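In structure tokens, the next block holds one chain alone, the form predicted alone.
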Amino acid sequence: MEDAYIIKGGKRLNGTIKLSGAKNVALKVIIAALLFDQEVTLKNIPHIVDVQELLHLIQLLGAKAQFVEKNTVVVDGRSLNSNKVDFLHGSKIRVSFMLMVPLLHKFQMCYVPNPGGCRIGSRPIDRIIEGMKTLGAKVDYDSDTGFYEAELNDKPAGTYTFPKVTHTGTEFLILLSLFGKDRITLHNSAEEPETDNLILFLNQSGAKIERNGKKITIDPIKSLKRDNPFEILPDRNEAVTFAILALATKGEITISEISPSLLETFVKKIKEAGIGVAYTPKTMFRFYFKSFVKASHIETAPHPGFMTDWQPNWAVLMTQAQGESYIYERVFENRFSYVGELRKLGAEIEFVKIPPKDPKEYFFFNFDPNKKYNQGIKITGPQTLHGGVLNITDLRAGATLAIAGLVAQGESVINGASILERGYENFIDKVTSLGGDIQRA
């Protein structure tokens, strides 16, 4: 089987979608479960490639981690017998870096490869390393082997302030701090709901973590313990993808079950674009196309801002909007890889300059004044897209290209389907249930 989708677009998509569990919670709670001295059951875990890769990595380390039902995973870290993460599999997913925490707690020393995942810009590993060192760990990187060597000879202690907000960094240091010497405080921490869901899981298991805005305090505990399974929250990125998929085809979709707080910023922008939104007490959203879509101006930012993961999807919707729309990417420096692909379908998109007064303050990545960046685009619409052959380069861009293929008239081939499937469960089945014509090549 080829690693591609064949899509016949131009149909109006309508229907109901039940969301899968959040990828960005699932990966973190699976790793956190390795810190327990018992078997831990996790529910609503999406059956996606990234989760499968992580479970395999954990098994290679000697621990138990497997699906026992469709969306239920059981983890038991007591049998961990290796402190070195497999290079080949570890380099496939970014979250492999977080395995450093349970390995340090178990062995006091570990070896973890430079993390993989989507190449959407340089990720802030340096912020995590700096935080680890501040709390008492020793970390070195061997460029010859591609491995980080970390050592933790004493219980972590101290206070750390993130120079820029990072949700992975926040979650990493929370886990590292659980069994600390005394209270550890993290400043300028991420406020993502996925981070709070991890905190909820840990606090229900005996952790002592408190949040006050961007300040998080972690008081030391001796162990984590659970008597019942933990069910993770639904995936807001999937919710946005399917909402835009239906709306860009001038259709209607009902999405369940998700808290309004998870989609507050997205819903605000959707309403500004002239799209209908209804919410029911059963935590169901209904998004529906009215008569036309208004142009918009988007700037990405960490929660509670407009998510960087949403902007590629939003770009396709804006190809159907009236007038000129702008998207400014502030979180990553290489998130517009999809632009050239959308142009193949007839999208009118051009790069524009963003003139912030203080780029180092405006952007959330490590801005280099000597480097050239393309951080803004202008989309002119409405446009009639046509079919084409496209190539997926990262997870969210993959969903974007699939949406574009479903909007476009004619047939499209989307290469790199497995990249999209790293983060979306049963994507073909869900699109087909809405009336979309999509199949694996």
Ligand code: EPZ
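Please read all numbers here as calculations on a predicted model, not as lab measurements. From 1 onward, residues are counted along the sequence shown.
Form predicted in complex with this ligand: not shown, discussed below.
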{"query": "is_contact(residue 189, this ligand) in the predicted bound form, heavy atom dist at most 4.5 Å", "finding": "no"}
{"query": "Residue 127, heavy atom within 4.5 angstroms of this ligand in the predicted bound form", "finding": "yes"}
{"query": "Close approach of residue 20 to this ligand in the predicted bound form, 4.5 Å, heavy atom", "finding": "no"}
{"query": "Contact flag, residue 309 vs this ligand in the predicted bound form, heavy atom cut 4.5 Å", "finding": "yes"}
{"query": "Which of 142-150, 261-269, 166-174, 226-234 lines the interface with this ligand in the predicted bound form (heavy atom within 4.5 Å)", "finding": "166-174"}
{"query": "Heavy atom within 4.5 Å of this ligand in the predicted bound form - the one residue of 289, 365, 111, 336 that qualifies", "finding": "365"}
{"query": "The unique member of 344, 250, 94, 105 whose heavy atoms fall within 4.5 Å of this ligand in the predicted bound form", "finding": "94"}
{"query": "Residues from 6-37 in contact with this ligand (non-hydrogen atom within 4.5 Å) in the predicted bound form", "finding": "23, 24, 27, 28"}
